[in-house]
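Just the one chain here, laid out as structure tokens, in the form predicted on its own.
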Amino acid sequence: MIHFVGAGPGAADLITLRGHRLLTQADVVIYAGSLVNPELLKYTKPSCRIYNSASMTLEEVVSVMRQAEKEQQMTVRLHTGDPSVYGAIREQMDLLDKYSIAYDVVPGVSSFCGAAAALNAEYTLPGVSQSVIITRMAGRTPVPEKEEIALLASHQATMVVFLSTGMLEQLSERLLAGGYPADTPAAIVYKATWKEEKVCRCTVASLAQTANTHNITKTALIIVGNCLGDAYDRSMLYHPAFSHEFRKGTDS
């Protein structure tokens, strides 16, 4: 059996209970390189064979899985954050289907949630934004034309931008082109929930300058939107005048 496990955003104690249990039981662990906290590997048993996928191809990863299956061993494929977000798991699962190897997925805490925690932020503030756009800049790997940053920015929703720390000047340009005012609140969160975590608040216009000042070149998330500001509407859910299934609202 192959278990795709979300390692969480960084801190070793943010892996799920299920993920932790599978790590302690695994005969083979293939982990996603420097993106996964090495502290998590200490949960494995002494006999566990551990592979760093940073230097491996898809075919090599699946070859290790197939060999483990032949030996009737259990494999954990340990991905950073949640496997469904930039985890490249579909191509692995398709090959496992081809070889009739069973697998499942254990969700994890994504780094975009870890970044919100670091910022003490609520992405979906009433009256500000009720949508969160998770995206990335086009680089060596392209993005679909309809998902170009300026087009997404036109919605003025909360945006969380992955894999783009080295392109912050271009990111600012595209956000401004999409309609964000230059003084729109933004933040750079470096290694959210890790011991090295660094939180830098700035604006859309000052993203690149802020990263340069704090020597941040990779492994950071960019958060953009007025959810980082001070103005918002009170939630109706807890308003005394709002009725719902569990509470009758008052008229006063």
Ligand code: SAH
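Numbering starts at 1 and runs along the sequence shown. Every value quoted in this text rests on a predicted model; they were computed, and no experiment measured them.
The form predicted in complex with S-adenosyl-L-homocysteine exists for this protein as well; it is not shown, and the discussion that follows is about that form.
Peer 1: When the contact criterion is heavy atoms within 4.5 Å, does residue 110 count as touching S-adenosyl-L-homocysteine in the predicted bound form?
Peer 2: Output for residue 110 is yes: heavy atoms within 4.5 Å of S-adenosyl-L-homocysteine.
Peer 1: With heavy atoms only and a cut-off of 4.5 Å, decide whether residue 216 touches S-adenosyl-L-homocysteine in the predicted bound form.
Peer 2: Close contact is absent here: in the predicted bound form, residue 216 is far from S-adenosyl-L-homocysteine, nothing within 4.5 Å, heavy atoms only.
Peer 1: Considering only heavy atoms, tell me if residue 80 and S-adenosyl-L-homocysteine come within 4.5 Å of each other in the predicted bound form.
Peer 2: Heavy-atom contact with S-adenosyl-L-homocysteine at 4.5 Å: present for residue 80.
Peer 1: Residue-level contact is defined here as any heavy atom of the residue lying within 4.5 Å of S-adenosyl-L-homocysteine in the predicted bound form; does residue 35 satisfy this criterion?
Peer 2: Heavy-atom contact with S-adenosyl-L-homocysteine at 4.5 Å: present for residue 35.
Peer 1: Residues in which of 65-73, 191-199, 37-45, 205-213 have heavy atoms within 4.5 Å of S-adenosyl-L-homocysteine in the predicted bound form?
Peer 2: Stretch 191-199 is the one.
Peer 1: Under a 4.5 angstroms heavy atom criterion, identify the one residue in 132, 163, 117, 95 near S-adenosyl-L-homocysteine in the predicted bound form.
Peer 2: Result of the distance check: 163.
Peer 1: Find the only residue in 176, 143, 157, 85 having a heavy atom within 4.5 Å of S-adenosyl-L-homocysteine in the predicted bound form.
Peer 2: Here the answer is residue option 85.
Peer 1: If we check S-adenosyl-L-homocysteine in the predicted bound form, which of the residues in 7-22 reach within 4.5 angstroms of it by a non-hydrogen atom?
Peer 2: Going through 7-22 in order - heavy atoms within 4.5 Å of S-adenosyl-L-homocysteine in the predicted bound form - there is one hit, 9.
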